[in-house]
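Heads up, the chain below is alone and in the form predicted on its own; it's given as structure tokens.
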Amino acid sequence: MSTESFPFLHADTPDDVAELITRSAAESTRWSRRSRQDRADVLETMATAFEAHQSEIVIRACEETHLAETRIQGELARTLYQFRFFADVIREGSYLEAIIDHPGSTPMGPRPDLRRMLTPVGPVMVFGASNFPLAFSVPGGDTVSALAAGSSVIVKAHEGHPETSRFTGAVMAEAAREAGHPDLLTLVQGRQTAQRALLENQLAAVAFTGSAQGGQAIQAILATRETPIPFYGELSGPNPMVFTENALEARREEIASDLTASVVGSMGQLCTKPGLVFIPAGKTGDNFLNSLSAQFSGQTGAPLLTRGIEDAYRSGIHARTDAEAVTVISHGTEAAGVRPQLFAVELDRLRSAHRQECFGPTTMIVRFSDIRPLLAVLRELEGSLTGSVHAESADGELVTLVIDAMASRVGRIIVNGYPTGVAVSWAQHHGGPWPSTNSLHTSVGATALRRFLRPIAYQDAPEWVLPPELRDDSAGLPRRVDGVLCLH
């Protein structure tokens, strides 16, 4: 497929950007008026087109990101699944939260006919992430959930994989053009162009799944807008993990192997990588640390996604190496790029600088002797996407205390598992307290659509005015009618 007909927009003047957003807004209106079945069909057409070009997509992504082919193949499978998953979500229809209250008498007097549902917000701007050239970039979950909700999308393509962005964008745009929506997806490149787009009045929402630093930069620009719009940044954090003594005694080698894989997989360039690992002091903890050290020493270094990420990783490693009370426990084999490194510190010597995310193949082991100070630290951590605990059945009360301490600081609690690998499903939640910008919402799973919808109510509207989903004869759509949940 040629991408010449689908170039990036390098907007040299504010008028260029204003025209882009105006076209996108008009397209968003047309797209929102298409039936849910039509929109679902287009998403599935995009998935089929990706399958036809999967070898070309994988080659481009591997060349630009240094990620292994198996990793890109897995990410492509996830991307295809997301298109089809959201097609099923919008066909099912419960995401609309449709409610009908027929006219009637109440203790306050007569009630008018009221009907309420969620409706698309309008053009959405999505910022692609460096570490997921597919699943969180141009064809990623933010983009696909916005399209499913009924919005057009402007994607700020990440400079770390421009050709992958252009090619995947062309595949999606061709499917949209064939469905009669030539401006449904637009790519922009460059910070100046992106900044101008963020300030356009017709833009309705912004989404970004990535680093806290990137999210804060976007938020700072949006703060200068005349009219505020929501920014949904699902950002990073330390993703704490707690291991009980019983868990380490029962599964020491298994945990050492699996934890290493979770930390160094994709060279640690995942927003859910465990960055703070709490283990008990004493002989059990010592034995586990020896096993974990052996696992780390067998890891091989590799290039990271971009030079900027490599530089930041080296700076973070240097700061930890020089930090008081921090011990270098193990490191991987020196090779091109960077090497994995494992650090440790006692809980009472843990400082705020040790808690900060270091994006890359490293983690900080924190040794604790008493549960009470551990719980205090967990409650004080900055927000994270995940919090994990590994325990045995005998640890019931302890697990409850740890989960209670973590719950106010994370968006997903994991028990006897690992945070890396975020399933796309109806119940998934990928978000959390600050630095994620809105703890009510997720960037993964069915409810990711909710970010790009707003409520609208109709009062005493004749049926020919109403959207099909709010008419009395809309069979098969889950709705609440006169207070009763109706599933058919």
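A residue's number is simply how far along the shown sequence it sits, counting from 1. In this text the structure is predicted, and so the values were computed from the model without any measurement.
Same protein, other form: the form predicted together with another copy of the chain, not shown, and the subject of what follows.
**Student:** With another copy of the chain left out here, work out from 256 to 264, 318 to 326, 288 to 296, 112 to 120 which stretch has heavy atoms within 4.5 Å of it in the model of the complex.
**Tutor:** Selected stretch: 112 to 120.
**Student:** Just to confirm, D404 within 4.5 Å of another copy of the chain in the model of the complex by heavy atoms?
**Tutor:** D404: contacts another copy of the chain in the model of the complex.
**Student:** With the cut-off set at 4.5 Å between non-hydrogen atoms, does P230 touch another copy of the chain in the model of the complex?
**Tutor:** Answer yes; at least one heavy atom of P230 falls within 4.5 Å of another copy of the chain in the model of the complex.
**Student:** Given that another copy of the chain is not shown alongside this chain, does I59 nevertheless sit within 4.5 Å of it in the model of the complex, heavy atom to heavy atom?
**Tutor:** Judged by the heavy-atom cut-off of 4.5 Å, I59 is well away from another copy of the chain in the model of the complex.
**Student:** Flag Q428 as yes or no: does it have a non-hydrogen atom within 4.5 angstroms of any non-hydrogen atom of another copy of the chain in the model of the complex?
**Tutor:** So Q428 counts as contacting another copy of the chain.
**Student:** Looking at E200, E310, E245, E97, which is the one with a non-hydrogen atom within 4.5 Å of another copy of the chain in the model of the complex?
**Tutor:** In short, E97.
**Student:** Of S369, S352, T300, T400, which one comes within 4.5 Å of another copy of the chain in the model of the complex, counting heavy atoms only?
**Tutor:** By the 4.5 Å heavy-atom cutoff, the listed residue in contact is T400.
**Student:** Could you tell me if all three of R71, A336 and V345 have a heavy atom no more than 4.5 Å from another copy of the chain in the model of the complex?
**Tutor:** No, the whole trio is out of contact, none within 4.5 Å by any heavy atom.
**Student:** Which residues in 207 to 227 have a heavy atom within 4.5 Å of another copy of the chain in the model of the complex?
**Tutor:** The stretch 207 to 227, when checked against another copy of the chain in the model of the complex, contributes Q219, E226, T227 at the 4.5 Å heavy-atom cut-off.
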